[in-house]
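Only one chain is given next, in structure tokens, and it is the form predicted alone.
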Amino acid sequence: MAHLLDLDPDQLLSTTRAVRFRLDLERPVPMNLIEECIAVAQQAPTGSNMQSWHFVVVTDADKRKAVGDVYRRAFEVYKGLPIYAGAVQTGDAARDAQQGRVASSADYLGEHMGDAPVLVIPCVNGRVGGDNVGMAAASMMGGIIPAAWSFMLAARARGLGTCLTTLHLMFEQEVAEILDIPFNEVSQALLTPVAYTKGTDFKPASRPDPQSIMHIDGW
């Protein structure tokens, strides 16, 4: 069992950040730590107790580079969209400065995704189509996202950094072909780099007052 950081549950939940600049791209990550994180992820709840998860773990340098190249191409598309972090301006100086920092770190990851020592792609059985697509998609992704987040929390507790990204799904089938994922039978949910972090002193991010987003007994 790996040594765990001294974090209480609230600290773990509030300091598991999207890590980009502070990923240590040079330090190898032992496979036993990845396995421990997946074991924790397996305890996540799933609808109907289906547990139809898969975690594709990529350590081969050529495959990491190939996946990173796909991510870089998708990131260039994203940079041209109005939802790009650097394009979101609110008029609030502090918030806009934060957006600028997020954009800068996202740009960095766009160039270096394939350099992370480990890439992990949580997947789930099935592919959405036909009637009731919205409900089917929510149900399918609702079965893997909690497990993926549990994986990230477990990684943080072990001094590892992660970053939940979905841009590669623009070219999901290409990644499926690189990694021999059966595209017609299995859906990829996200892609995260995994690496030791440069320091472990992450802090909660700035967020609005919770009352500003609460709707009690109705909207």
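Everything quoted here is computed from the prediction, not taken from an experiment. Counting begins at 1, following the sequence as shown.
Quick note: we don't show the form predicted in complex with a small molecule, though the next part is all about it.
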Item to complete: Only one of 38, 163, 67, 176 comes within 4.5 Å of the small molecule in the predicted bound form by heavy atoms, so just point that one out.
Response: 163
Worksheet item: Just one of 148, 123, 109, 118 has a heavy atom within 4.5 Å of the small molecule in the predicted bound form. Which one?
Response: 109
Discussion item. Since the partner isn't included here, can you check whether the small molecule sits close to all of 18, 167 and 205 in the predicted bound form (heavy atom within 4.5 Å for each)?
Written reply: yes
Worksheet item: Just to confirm, residue 88 within 4.5 Å of the small molecule in the predicted bound form by heavy atoms?
Response: no
Item to complete: Indicate whether residue 137 is a 4.5 Å heavy atom neighbour of the small molecule in the predicted bound form.
Response: no
Worksheet item: Any chance residue 128 has a heavy atom within 4.5 Å of the small molecule in the predicted bound form?
Response: no
Worksheet item: residue 141: heavy atom within 4.5 Å of the small molecule in the predicted bound form?
Response: no
